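We begin with a single chain expressed as structure tokens, specifically the form predicted alone.
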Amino acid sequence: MNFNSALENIKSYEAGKPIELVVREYGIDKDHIVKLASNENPFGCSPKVKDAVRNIIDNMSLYPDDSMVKLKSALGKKYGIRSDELVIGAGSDQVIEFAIHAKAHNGSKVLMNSVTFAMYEIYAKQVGAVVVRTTSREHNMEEFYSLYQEHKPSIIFLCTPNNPTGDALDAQDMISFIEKVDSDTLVIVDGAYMEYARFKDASKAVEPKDLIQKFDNVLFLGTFSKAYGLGGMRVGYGIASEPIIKALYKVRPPFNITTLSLEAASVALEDEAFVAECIADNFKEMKRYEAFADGKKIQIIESYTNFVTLSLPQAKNSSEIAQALLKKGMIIRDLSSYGLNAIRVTIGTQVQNSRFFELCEPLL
């Protein structure tokens, strides 16, 4: 059977191994497996969210409120924006898909960092767009501007903090760059980990309201999958000027967010104290990873997220390390597919992190 020729040059996205698969492949008891591969909140979601979902469990047979009024109202209050400046997606990656299909096309160019979230490229190639990447590992705004001038891309992706490395742009440097971009180029600022960056360093904090008031061509992305602990509910959002949101709605399918997911995300916003506690614990535990890396003479990329990236010396192979840990029931992310001899580790609970150090000690 013949398929769209654009699919020939697309590699499928490889998600972190699920616990169930490790149980089947290695015969390890589920209770002995630690998953630190997908940047989930190790404390889960707020207890208030669990109670709220239980209370509406009987509504699973009904289609969700496609106006998403409750969630939009809560997000509007959080960010000081209007509902017509919001689009909700099944994870922020669905909003990325909306944006690519609304703006890019066969032959247009999409500019992104050399090492960044894989779905930018996958969605771009689906519509036949040409992917342009920087050479620098970090977001180098001078190089971005040089490539922007050369290629005149229809879309530019800025991932801050960046996945899978964890580093973040200074907000002012990013704004200075966007000021030099023409108004017909869509700049997508992916802030999936912005809650963590805002907590650690105010200079890295990007405020969506300020962005969209200043720029008509910027789309900010947020998610409930990380700090809010709702990865399994799949809720993300985009914030932009009304014309951009209207365009994205033309490619949005109806009822793309489930009834339970809408309720979970709405209630999660009511318990910011829970989120703040989780984030504070995250950076407390991150210091243990920094000390571990220092003791092993391993480079660690400064992280503004809920994960750390350990760049390994040439004598160590990231794929071999990841596989050896997997056999012990420790799931982490091998970054060799990104061209890095590195591993990415989600910062877990104190017990989970101690287990990682114990298993990794003889391997590094």
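None of the values given here were measured: they were computed from a predicted structure. The first residue of the sequence shown is number 1, and the count goes up from there.
In what follows, reference is made to the form predicted together with a further copy of the same chain, a form of this protein that is not presented.
By the criterion of a heavy atom within 4.5 Å, Arg234 is counted among the residues contacting a further copy of the same chain in the predicted bound form. a further copy of the same chain in the predicted bound form comes within 4.5 Å of a heavy atom belonging to Lys50. Though the partner is left out of this view, Ala129 does not reach within 4.5 Å of a further copy of the same chain in the predicted bound form, counting heavy atoms only. Under a 4.5 angstroms non-hydrogen atom cutoff, a further copy of the same chain in the predicted bound form has Leu260 among its neighbouring residues. Residues Pro153, Lys297 and Val308 are none of them found to lie within 4.5 Å of a further copy of the same chain in the predicted bound form, as judged by heavy atom distances. This chain appears without its partner; in the predicted bound form, the one residue of Glu97, Glu121, Glu195, Asp167 with a heavy atom within 4.5 Å of a further copy of the same chain is Glu97. Among the residues Lys103, Lys72, Lys109, Lys200, the one placing a heavy atom within 4.5 Å of a further copy of the same chain in the predicted bound form is Lys103. In plain terms, the part of the chain that comes close to a further copy of the same chain in the predicted bound form, with a heavy atom within 4.5 Å, is 179-187 out of 144-152, 179-187, 277-285, 130-138. Of the residues in 147-166, none comes within 4.5 Å of a further copy of the same chain in the predicted bound form through any heavy atom.
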